[in-house]
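Shown next as structure tokens: one chain only, the form predicted on its own.
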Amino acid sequence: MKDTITLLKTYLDEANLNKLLELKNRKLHNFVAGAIELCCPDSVFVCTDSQADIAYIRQLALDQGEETALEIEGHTIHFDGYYDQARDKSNTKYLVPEGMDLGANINAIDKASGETEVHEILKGSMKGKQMLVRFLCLGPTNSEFCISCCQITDSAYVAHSESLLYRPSYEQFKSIGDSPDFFSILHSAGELENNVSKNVDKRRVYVDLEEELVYSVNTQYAGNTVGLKKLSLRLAIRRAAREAWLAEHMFILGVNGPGGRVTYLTGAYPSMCGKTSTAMLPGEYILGDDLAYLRERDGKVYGANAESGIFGIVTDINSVDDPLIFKALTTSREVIFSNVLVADGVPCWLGDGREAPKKGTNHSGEWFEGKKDAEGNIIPLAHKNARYTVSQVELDNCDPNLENPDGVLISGVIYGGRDSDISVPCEQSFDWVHGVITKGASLESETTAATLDREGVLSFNPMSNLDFLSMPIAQYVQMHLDFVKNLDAVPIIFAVNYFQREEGNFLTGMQDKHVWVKWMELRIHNEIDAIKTPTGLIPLFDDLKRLFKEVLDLEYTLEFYIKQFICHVPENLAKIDRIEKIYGEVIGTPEIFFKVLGAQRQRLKEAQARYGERISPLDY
């Protein structure tokens, strides 16, 4: 590479060069210079924290046609390519040096060959375009949660999205001096056709754990390109392992309790299991909907939202089920929609509760009812993974501690999945180890018809984080077991399941989750009792009856309570067998794992011998 400063002076005008050199960091300068030499942009724009610089990015997205203004002030629409609508799991790989083994479940490629491949694809990818250099941070600035990041991209849409999703941190970056301790992300949308990435067959997302560096090319979808999201989660998990904290795929929810107290819980749920709707329960506080950093301080656990905005699935958001989000998406404020239908300047999406237009523009181009794609598939009015991007402070129930550098005290952890007849609606673990092993590390969730053309296929997803693990599963589980060793106040672990069914009908209503969360809040403060079962602690009927009336103004019957909290013994035993088989093939699984599962099997068999295969909560 040419002399770094000489190269930077060649491509940057005086104003942008001065902005970059004000950050006295050699690794940063080398990163930017290397990206320039590789991608060959026509010019470079360095974005500081100034409102003028951020406004420039926003306007550039409109000027370049990556976004189009909608009818409501502040709203814009972005379309990804028809075949670029989600995270690319198969082409998202770790660059693994010789001697590193991440485990059999993790997609990896030899570092030398992978680096050569992605560099070849990135070569000259920014010709005719402007390179944008952004400084952002994960976690509140000037806090122990903060991780500085530099993202380079040629997509104004990606850079604009980051303005809504993350904290600007050009000034924060100054505080790290010459430290190499920051995440680096290099993205290029590649060759464009009709303003979308053309060569999706050469889409690559490669993660270098050693250098804490992400490459992304030939894609615009934010999950593949906004490097501070799930791509940096992979880096953060690895860093957390070195520094003894947790980087998790979790929301943080503040629940209002008696006497004006607010109790904070985190929660990890696989896709389509109620994670977002739980994080946004009306009347409670949302501190984060997706990514949480958890750290130990003074014998307690404190958590912070790694992000400050929401990149959420817009499907099925309507005024009845999600009033707070629906309000934010239908009133004046800065919102980026992606891959919804636009009809007469108004965004429309699946399940929005409004009359559906017969024609408009969507990710397939000009759309009309009944339109088919090249494979003969009917194209719906909007993509099922259509998204909205909005700053979290735009929500009426945004937690006031969003930017608190101290984070918030975490008192509970929820693991949620989807199954028909294994798990009860809500349950408390016996202790942290029992919860980590039987609720978190053993998490399974049924697939939906939308993903596999058939329902009920149980998918293993420990801590709802399998897709983002950057270390062997056994090591990840051990991290969680070790995390509380020096704690005086250990969070309580709960499990939820909103998808029980009987003869095809759901046994829980969409709003029932509010009751389960209120029950957890009372349990954390030891203000109500619980029933001990073979798999955990469940609510008493009288407590739920009262809470259903107080929270939802609904009558809750004993008959329904029994149906919901029956223990299905054969199904629970079968799950233990499946989980033991999975971890039996995982090298290094802690011995305590099998001990805890074995004890649960024994409790289930003893209860089965006494009460039968279907155990009523009234039997205990």
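None of these values were measured; they are calculated from a predicted model. Sequential numbering from 1, following the sequence displayed.
The same protein has a further form, the form predicted in complex with a small molecule, not shown here; the description that follows concerns it.
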### Query
Is there a heavy atom of residue 271 no more than 4.5 Å from a heavy atom of the small molecule in the predicted bound form?
yes
#### Entry: residue 290 within 4.5 Å of the small molecule in the predicted bound form, heavy atoms
yes
### Message
Is residue 229 part of the interface with the small molecule in the predicted bound form - any heavy atom within 4.5 Å?
### Response
yes
### Message
Given that the small molecule is not shown alongside this chain, does residue 103 nevertheless sit within 4.5 Å of it in the predicted bound form, heavy atom to heavy atom?
### Response
no
## Note on the structure
Only one of 151-159, 70-78, 389-397, 215-223 sits within 4.5 Å of the small molecule in the predicted bound form by heavy atom distance, namely 215-223
#### Entry: Heavy atom within 4.5 Å of the small molecule in the predicted bound form - residue from 311, 170, 182, 367
311
### Message
Quick check on this chain: which one of 203, 249, 134, 363 has a heavy atom within 4.5 Å of the small molecule in the predicted bound form?
### Response
249
